[in-house]
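To begin, one chain is listed below as structure tokens, in the form predicted on its own.
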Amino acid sequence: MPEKPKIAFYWCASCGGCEESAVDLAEGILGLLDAVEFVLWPVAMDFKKKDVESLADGSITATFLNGAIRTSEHEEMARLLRRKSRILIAYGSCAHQGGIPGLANQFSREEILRGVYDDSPSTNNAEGVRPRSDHREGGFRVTLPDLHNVVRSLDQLVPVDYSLPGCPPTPKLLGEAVRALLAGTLPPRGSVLAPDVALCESCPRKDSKPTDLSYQEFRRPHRVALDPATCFLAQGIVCMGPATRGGCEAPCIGGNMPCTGCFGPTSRARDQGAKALSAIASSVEPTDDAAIDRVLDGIPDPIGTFYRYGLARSILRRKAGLPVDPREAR
């Protein structure tokens, strides 16, 4: 009997939703289990790091790695899995673009630690105790990963062969990727495994999108009753659909909520947030500064709105003026 392809799933800085998307294959996962051999999937099976280290370099057919690179442990495992895998897939928004964890690049490492361990309203830490990467007490030694100064996407650390976008990727796209992998019909390396068209092309509301948009104000979705059949942009609601890759099957739109951009940009956009922001800004109707400011007050968190998933890979990448850890200079 021929040897089954070896597959690994691993998570770094992530929420676990990408792991759930694999389970969402439902009965399809049974066929996957018959077709491949899992050599690493910590969330589902009991594997150890030494199990991966014992494998020959290049012996894993494909690794699906989700989550951003935030700590020294994430970096270590990503480098190890890159070495052991013939194909490395950035699975989900966090590995692909930095994701929600990448929003931490607005702050320095010290600001984050101070906010969590010193200044939060629920914290009682008069001694200023912080986690230490190396602690010895009573003859025992405890180690923790180092927290890096910036969050990175996977391809900012190691070469990535394919990206499967989404928060999380859909079971349909995962199934298509696995079938292409097993059949040897994957597209050229470097491809994003989702349609290279804007979400607006498949949006069920696209016929109601005006040719020329003009904004007197921006409204926030939780403060208005949204028309379930009309383009969000036409309702004065910021929607990332024009700047976002399609293929997600539009579940947010179906739930009467605007696109937030989790599939990242198409190949024609250098920076997803900048593309969306420039389109929005060019459609603001007032021309004097005070009136423009009043319109833009309807977008109280521009970074979280336009770079919710992609700050780490954007042309901004991080807040200017933050001290650079030499390990993060690349």
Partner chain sequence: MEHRADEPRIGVYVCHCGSNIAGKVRVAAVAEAAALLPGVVVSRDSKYMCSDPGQEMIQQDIREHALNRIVVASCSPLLHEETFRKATERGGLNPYFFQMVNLREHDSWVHEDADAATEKAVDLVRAAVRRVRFHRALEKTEVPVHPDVLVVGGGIAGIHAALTLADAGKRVYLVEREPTIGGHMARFDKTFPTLDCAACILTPKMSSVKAHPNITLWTYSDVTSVSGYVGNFKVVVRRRPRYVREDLCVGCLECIDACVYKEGRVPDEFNAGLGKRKPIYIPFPQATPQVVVVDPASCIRVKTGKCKSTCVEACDRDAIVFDQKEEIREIEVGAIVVATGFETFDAARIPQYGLGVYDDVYTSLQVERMVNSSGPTLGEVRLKNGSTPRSIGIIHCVGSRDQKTNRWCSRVCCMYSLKLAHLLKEHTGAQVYNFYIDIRAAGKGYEEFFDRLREEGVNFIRGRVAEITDWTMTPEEEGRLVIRVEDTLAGFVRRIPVDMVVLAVGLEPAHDAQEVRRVLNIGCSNEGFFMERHPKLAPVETFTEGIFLAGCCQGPKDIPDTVAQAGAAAAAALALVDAGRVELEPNTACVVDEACSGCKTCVALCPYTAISHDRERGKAAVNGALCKGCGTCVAACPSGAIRQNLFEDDQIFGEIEGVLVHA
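Since the model is a prediction, treat every value here as computed from it, not as a measurement. Numbering follows the first chain given and starts at 1.
The discussion below concerns the form predicted in complex with the partner chain, not included here.
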Task: Non-hydrogen atom within 4.5 angstroms of the partner chain in the model of the complex for each of Lys206, Pro210 and Lys275 - done: yes
Open item on the list: Thr266 versus the partner chain, in the model of the complex: is there a non-hydrogen atom within 4.5 Å?
Closed with: yes
- [ ] State yes or no: in the model of the complex, is some non-hydrogen atom of Glu201 no more than 4.5 angstroms from a non-hydrogen atom of the partner chain?
- [x] yes
Open item on the list: My question is simply whether Pro258 lines the interface with the partner chain in the model of the complex - judged by any non-hydrogen atom within 4.5 Å.
Closed with: no
Open item on the list: With the partner left out here, check for me: in the model of the complex, does some heavy atom of Gly175 sit within 4.5 Å of the partner chain?
Closed with: no
- [ ] Report the residue, out of Leu226, Ala180, Val197, Ala250, that has at least one non-hydrogen atom within 4.5 angstroms of the partner chain in the model of the complex.
- [x] Val197
Open item on the list: Just to be sure I understand the contacts: of Ala78, Ala90, Ala243, Ala104, which is the one whose heavy atoms reach within 4.5 angstroms of the partner chain in the model of the complex?
Closed with: Ala243
- [ ] Spot the stretch among 60-68, 47-55, 33-41, 280-288 with residues whose non-hydrogen atoms come within 4.5 Å of the partner chain in the model of the complex.
- [x] 280-288
